[in-house]
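Let's start with one chain on its own, the form predicted on its own, as structure tokens.
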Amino acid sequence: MDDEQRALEFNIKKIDQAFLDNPFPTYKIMRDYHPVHQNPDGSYFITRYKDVVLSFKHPSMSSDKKIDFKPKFGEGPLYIHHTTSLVFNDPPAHTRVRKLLAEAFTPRKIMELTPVIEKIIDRLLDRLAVKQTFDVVSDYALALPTEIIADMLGVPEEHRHKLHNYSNLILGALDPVVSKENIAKGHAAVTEFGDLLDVLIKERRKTPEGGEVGEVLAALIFGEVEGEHLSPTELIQNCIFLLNAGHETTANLVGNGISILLDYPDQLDRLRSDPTLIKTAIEEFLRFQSPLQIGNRKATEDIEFGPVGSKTIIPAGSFIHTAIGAANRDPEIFVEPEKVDIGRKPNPQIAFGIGKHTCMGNTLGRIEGHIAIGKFVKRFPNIRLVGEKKYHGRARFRGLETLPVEVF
């Protein structure tokens, strides 16, 4: 079967292990031969940068999933969570909740969090230096956002080991195909974490001024915009959303970034020689291995997508899979997109989205990446892979499950 036929027969509901391990060859043939592709279930898969940007910016594109998630999740906890959290809502609900959540991400709050992040990273690096042989993912990339989000939400130490599993199960339920067993586990994760947050919120209400430096829970509880507060359900579900969004993006950014440097030693040498490249390096890591690979939208009116001379009308009511990972390697936008260049300029990557749904935590995520990868490279000038790296095997989110290394 040639590439054109493979593109024609692509089915988002039947992706295989080869796609999960490395989706980029598939993205390329879809961009080349079928950039606006209709799946057998009637949904569309778009892979061009300009089309993905259009899907984010067009006023008739909806993020609301109250109808689309019902067959998959029923009316259980996963449905409540994913239809209440910020990312799957449209204005005016999205606008109101985003304004209220923004109280937790003011420049002052970010400034408070920066030294907290520095201390967590230094502590983790000290542990790694003692071990010498370790897994970058479990011992560093995952440990970092777990500690940061736990501090932000005031989660006690004895519960922190549960957070990664909660995030994994809740976000994993968004993949195109999910087993009934994993759906059930996702429901249980929402319930269990929600119950824990409910206890923390009730206790925090008793001491509105008693938070630690860097904590944002009080801002979420007591924050007010034009006389409005988050409802109890919105509060709990958006705290869960903060765990998922911050945990997944940061862990994948740090793990993917260090992995890329190991795969491209010339770029690692560049960064060692010139640490000021860390900011453009983070943008390149986000482009080359986007933590969020596939998003989704729904058309509320007929909209044209595709290159000039080959337009496709996606009809109103259609569900659209937006391949961010493909868009970020589109040769129409990026020179030599399959090449890693940590000094790449310009780099209009869209890993954090664009428009009204730009990730609200993008500034915090970038700061975490700058500090975590910058300090790691400085602390461990000599590092090598000592085993097989493995991706966690989810379609919508791209990150490593293991990255075993030795420092010497």
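A residue's number is simply how far along the shown sequence it sits, counting from 1. On a predicted model such as this, the values are computed, not experimentally measured, just so you know.
The form predicted in complex with a small molecule is left out here; the points below concern that form.
K.L.:
Pick from 170 to 178, 260 to 268, 240 to 248, 200 to 208: which stretch has non-hydrogen atoms within 4.5 Å of the small molecule in the model of the complex?
P.N.:
Stretch with heavy atoms near the partner: 240 to 248.
K.L.:
Heavy atom within 4.5 Å of the small molecule in the model of the complex: which of Phe56, Phe69, Phe376, Tyr27 fits that? Just give me the one.
P.N.:
Answer to the contact question: Phe56.
K.L.:
Of these, Ala143, Leu277, Val87, Leu230, which has a heavy atom no more than 4.5 Å from the small molecule in the model of the complex?
P.N.:
Result of the distance check: Val87.
K.L.:
State yes or no: in the model of the complex, is some non-hydrogen atom of His187 no more than 4.5 angstroms from a non-hydrogen atom of the small molecule?
P.N.:
Result no; His187 lies far from the small molecule in the model of the complex.
K.L.:
Going by a heavy atom distance of 4.5 Å, is Lys356 a contact of the small molecule in the model of the complex?
P.N.:
Residue-level check for Lys356: yes, a contact with the small molecule.
K.L.:
Does at least one non-hydrogen atom of His321 fall within 4.5 angstroms of the small molecule in the model of the complex?
P.N.:
His321: no, not in contact with the small molecule in the model of the complex.
K.L.:
Taking any heavy atom pair closer than or equal to 4.5 Å as contact, tell me whether Leu364 reaches the small molecule in the model of the complex.
P.N.:
Leu364: yes, in contact with the small molecule in the model of the complex.
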